[in-house]
Ligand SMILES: C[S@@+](CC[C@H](N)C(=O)[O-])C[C@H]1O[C@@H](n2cnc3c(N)ncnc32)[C@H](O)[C@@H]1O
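In the form predicted alone, a lone chain appears below as structure tokens.
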Amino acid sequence: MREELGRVAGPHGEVALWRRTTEDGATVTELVVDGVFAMDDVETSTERALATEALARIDGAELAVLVGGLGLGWTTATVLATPGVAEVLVVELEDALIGWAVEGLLPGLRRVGDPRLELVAGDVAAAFSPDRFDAVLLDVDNGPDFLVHASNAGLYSPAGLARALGAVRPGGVLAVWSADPAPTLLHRLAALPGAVDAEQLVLPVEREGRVFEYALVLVRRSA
């Protein structure tokens, strides 16, 4: 059984939220953008790892974190559950997703009323204020080679990545989620002024009998 929870046509196309029940009785939430499957919550380990891997590389408390892309809320929820996090700004291009989060329809995010959390509709690049965050976590596409919106291409250019890293305080981390290993992105990040400890974590995930290799690309800003 498949039930439509919401559908909105906006300036960036149509966004739809669905809930389906599997044969074994499990409930799955799906996000569809312009008729194309974007994500579901069958397997959310890599979205959560985007938060845990980045924050594990940062020392200190009272951390400020920028999350680019709300999705179904799993990355944001993981950030909020991490000790030492004092502020979480989530920037999501599709304002319908923010509305669905407030309505309690996103399975990953049940703490919308957390005073540390701010949800903003817009382009995440507009939030790249210099030295503003301890961590910047980007999951706005399926990776630099599979864009949800073509307008995001500039985010993965050397200039766009430099702005993202510049929004990270010295010693902080910029992390990018990708649906595939992204060696070009890794090389671009490693070449940025002030970038150190660039690395790519390849995370194999089994879905429906197939193994997919997702990736996290991380870099630290030098102290």
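Heads up: residue numbers just count along the shown sequence, starting at 1. For clarity, every value in this text was computed on a predicted model and none was experimentally measured.
Below, we refer to the form predicted in complex with the ligand, which is not included among the displayed structures.
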Revision key, fill the gap. Exactly one listed stretch (159 to 167, 55 to 63, 185 to 193, 39 to 47) reaches within 4.5 angstroms of the ligand in the predicted bound form by non-hydrogen atoms, and it is 39 to 47
Practice item. State yes or no: in the predicted bound form, is some non-hydrogen atom of residue 122 no more than 4.5 angstroms from a non-hydrogen atom of the ligand? Key: yes
Review point. Wondering, does residue 69 line up within 4.5 Å of the ligand in the predicted bound form on heavy atoms?
Key: yes
Check your understanding: Is the gap between residue 31 and the ligand in the predicted bound form 4.5 Å or less for some heavy atom pair?
Key -> yes
Check your understanding: Is there a heavy atom of residue 133 no more than 4.5 Å from a heavy atom of the ligand in the predicted bound form?
Key -> no
**Study point:** Stretch 65 to 93 - residues with a heavy atom within 4.5 Å of the ligand in the predicted bound form
**Key:** 69, 70, 71, 72, 73, 74, 75, 91, 92, 93
